[in-house]
Structures are given as structure tokens and as C-alpha cells.
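So this first bit is one chain, no partners, the form predicted on its own, shown in C-alpha cells.
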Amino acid sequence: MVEFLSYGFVQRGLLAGSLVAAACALLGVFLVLKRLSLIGDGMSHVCLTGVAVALLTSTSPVYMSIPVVAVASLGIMKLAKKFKIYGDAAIGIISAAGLSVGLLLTALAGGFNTDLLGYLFGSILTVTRGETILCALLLLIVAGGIFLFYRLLVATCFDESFACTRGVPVRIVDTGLVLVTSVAVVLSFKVVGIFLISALIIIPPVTALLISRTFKQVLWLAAGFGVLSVWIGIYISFIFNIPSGAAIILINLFFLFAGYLLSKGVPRG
């Protein structure tokens, strides 16, 4: 373990992974309760478009993907409102469009290469100092937003119609939530890869919901499960030379299974 932690790239990977995992888990709690958990999956497919554009223009995939995914997240909300369709249908439409455009641009950029495969399946040990700072800012914004707007977020999660009648700006709250989620999705693709981002957003909150008795406990446990899975997953990937993203998600699945078993003995109410 001492040797493992002595490498600078491992330290950056652990720090960035912990920060983004905590942010994704916290956002995921609200997305799961609002039945928008698959938005992470939809946005992750749009990430491929941002990465492909970056490869074509020789720019940073992270910085290029943030505005692309943010626009896509607003597109999901616009589709759901304008055409009066459910959120999952809007997510599916944008997801398919993002994946199709991304594959087309990837072909124009010369096809799949080592760099692109790293974004698809995760390459947490290549996280840069600048990306680590972005992850820290993301968690600060997420935690600060929950602290400042806790009551508004809870109100929109559990009874959106009643929240509207009480004057809660539900649309603004939802817009802010999906925009911050879009940034979290982009910063996550080096941690677990584009194809596994949604699991990082969904599994820790679901695990926490199984065994928690208060909403605040759900938030703390979700963040804790996310961070712990990163530490254990990276260590396992380092020891056994396996993809870190897959290891992190498998640890999350183990926590979910353990949480399910534990929930059988957790008294409710």
C-alpha cells in the first residue's frame, strides 16, 4: 500500500476520482428520486461527440465536452417540455443523436485509437493537475448547492406538483441540476469511462437508499460509497493490472448487493 500511494499519478487519480465520485453520488441521489437517473447514460453518449470533436480539432476532450454535454442536457429538458414526452424518452433521443454524431466524427478523425479507448473505458491514472482542480471545484459547487438549496431540492424530489403550488422554481432547480450533472459526467469519463458513467451516478445512491433511515443519511452514505469504491477499485486495478473503471463499478455492485442483504435487517420508520 505504501508503494502504491508513493506514485504521483496514483495520488492524483485517487484525489480526482474521490472528488468526482462524491459529486456524482450526491447528484445521483436527486436524479434517482426524480426518475432522471438515466440522464447520466444519455449524457455519457453525448460525451463521445465532444471527445471526437476534440480529436478532430486537437483540443482538450474535457474542455471541449463540457459545453457539448451542457447543451445536450438543456436539449433533453426542451424536448420533454415542447413535445410533452417523458424524460426517459427525451434522454433516449438525445443519447441516440449524440452517439451517432460521435461515431461519425470518430470515423472522420481516423477511427478508434489508444486515446479514444482510454475515454471509452476509463483511464483514471492519466488525470492531470488541471482536471483534478476542476473535480475539486465541481464537488464544491455540488456540496454548496445542496447546502444552500437543500429544502428546494428536497421539495422538488418528493412532490413536484406541491412544490410548484408553493412557488418553488422547479424548472430553474431542474435546469441547474442537469447542468451541474453534465459537468460531472464529463469529468467522470476518465474515472470509469464513457460507457460506465451512469453506474457511478446510480449505484451509490441506490445502495444508500436501501439502508438509510433519513434523507441526510442517504447523502452521506452515497458519497461515502462512491469514494470508497474508487479507492478499493484503483488499488485492485493496480495490483491485478485490470481496468480501473470496471473495478470501481464492480466494487459498487458489491456494495449494492451487501446493502440489499443488510436492508433486510434495517428497521424502517
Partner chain sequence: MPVVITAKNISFAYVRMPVLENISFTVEAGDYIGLIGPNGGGKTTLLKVLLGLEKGRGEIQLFGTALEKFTDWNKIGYLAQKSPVAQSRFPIAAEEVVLMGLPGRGARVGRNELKEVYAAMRQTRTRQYAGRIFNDLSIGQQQRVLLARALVSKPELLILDEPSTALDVESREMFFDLLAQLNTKYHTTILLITHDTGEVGKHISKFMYVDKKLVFFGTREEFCHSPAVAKQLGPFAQHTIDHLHNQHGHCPLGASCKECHHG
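Numbering follows the first chain given and starts at 1. Computed from a prediction, not measured in an experiment: that's the story for all the values here.
The following text describes the form predicted in complex with the partner chain, which does not appear among the structures shown.
- Considering the partner chain in the predicted bound form, the lone stretch of 190-198, 134-142, 156-164, 89-97 in range is 156-164 [heavy atom distance within 4.5 Å].
- Contact check at 4.5 Å (heavy atoms) against the partner chain in the predicted bound form: none of 26, 181 and 183 pass.
- Listed residues 66, 33, 38, 55 were compared with the partner chain in the predicted bound form; 33 is the one with a heavy atom within 4.5 Å.
- Residue-level contacts in the predicted bound form: of 129, 81, 151, 171, one residue has a heavy atom within 4.5 Å of the partner chain, and it is 151.
- Contact check for residue 237: every heavy atom lies farther than 4.5 Å from the partner chain in the predicted bound form.
- Although the partner is absent here, residue 48 sits far enough away that none of its heavy atoms falls within 4.5 Å of the partner chain in the predicted bound form.
- Using a 4.5 angstroms threshold between heavy atoms, residue 231 stays clear of the partner chain in the predicted bound form.
- Contact check for residue 241: every heavy atom lies farther than 4.5 Å from the partner chain in the predicted bound form.
- Interface residues of 196-219, taken as those with a heavy atom within 4.5 Å of the partner chain in the predicted bound form (partner not displayed): 209, 210, 212, 213, 214, 215, 216, 218, in sequence order.
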